[in-house]
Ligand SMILES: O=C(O)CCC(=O)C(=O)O
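We begin with a single chain expressed as structure tokens, specifically the form predicted alone.
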């Protein structure tokens, strides 16, 4: 139910995080104010910034810096962790190898997923079986990223407790069989700057860093370079609204599975990336998902029922993810 929003709200989630596992979470006035803001943002835009999240500026910078150092390596070094179907679609993609709606994206990336062991989810998980390919160079890459993933997983879990309240449920709606054992995805992305010809910057017609898309799961946490404005979000009228960097924040947005859980109250909003700067842009994107094999359908809460009859059929998250992965990759 996105609206004609013209900007992305900033929400301080510190009060929610401080009381997140308190049995009386839903009675605290400061928490309820955060919940109100989350509900408004998810209803109107599907996007919001979060501050007061407790992740240090030093770590936010470190993961971007080490990602940038990897992308600065020679191509031959980067392809030591080349993504293929045999790696469970984990690893490095060169510029133009990722596809959005049939058009190559002008970015390079390392794709990481929660590890899936053989037979873990039967036929459902077969495509995604594998272990993450972490580069040996730069040093400590794996250690830094695994720490970051752990922190983002816990932060996203806590924000989802607030969103559960916003939808009229208990804080535990997304625990247990829904997202008590959450799958996660992380993409480390590098967007080349505009090329320069005769002192002027030239953009090719298809020079889109990442084409218009929605995210697949519950909640996305984006850590983007602080000096380049490239992310755009589409409002109800089809206008592209800028989501400029706000230092010290994450950009958050909801995904397709949360849209279903909300019975369409919350929109998984289309967004894209166009890097019109001459500078190389790095973003580290963490996606918090449901359990891999969860059957997702609208929650049975007063609020979702008030939005009318059930608007969505059941969707299996793992099937949804695999269908996207198999159409987003050029295998050469």
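Residue numbers count along the first chain shown, from 1. Being a predicted model, the structure only gives us computed values, none of them experimental.
The same protein has a further form, the form predicted together with this ligand, not shown here; the description that follows concerns it.
Visitor: I have 5, 12 and 40 flagged as a candidate spot, so tell me whether each of them has a non-hydrogen atom within 4.5 Å of this ligand in the predicted bound form.
Guide: Negative, none of the three is within 4.5 Å.
Visitor: Would you mind picking out the stretch of 276-284, 62-70, 25-33, 299-307 that comes within 4.5 angstroms of this ligand in the predicted bound form, counting non-hydrogen atoms?
Guide: It is 276-284 that comes within 4.5 Å of the partner.
Visitor: Exactly one of 250, 92, 183, 191 has a non-hydrogen atom within 4.5 Å of this ligand in the predicted bound form; which residue is it?
Guide: Contact residue from the list: 191.
Visitor: Find the only residue in 187, 158, 178, 78 having a heavy atom within 4.5 Å of this ligand in the predicted bound form.
Guide: Checked against the cut-off, the match is 187.
Visitor: Is there a heavy atom of residue 110 no more than 4.5 Å from a heavy atom of this ligand in the predicted bound form?
Guide: Because no heavy atom of residue 110 falls inside 4.5 Å of this ligand in the predicted bound form, the answer is no.
Visitor: Is residue 82 near this ligand? Define near as a heavy atom within 4.5 Å, in the predicted bound form.
Guide: The answer is no: residue 82 has no heavy atom within 4.5 Å of this ligand.
Visitor: Does any part of residue 53 reach within 4.5 Å of this ligand in the predicted bound form? Heavy atoms only, please.
Guide: Because no heavy atom of residue 53 falls inside 4.5 Å of this ligand in the predicted bound form, the answer is no.
Visitor: So in the predicted bound form, does residue 213 come within 4.5 Å of this ligand, heavy atom to heavy atom?
Guide: Although this ligand is absent here, residue 213 would touch it in the predicted bound form, with heavy atoms inside 4.5 Å.
Visitor: Counting only heavy atoms, which residues in 215-235 are within 4.5 Å of this ligand in the predicted bound form?
Guide: 215, 222, 231, in sequence order.
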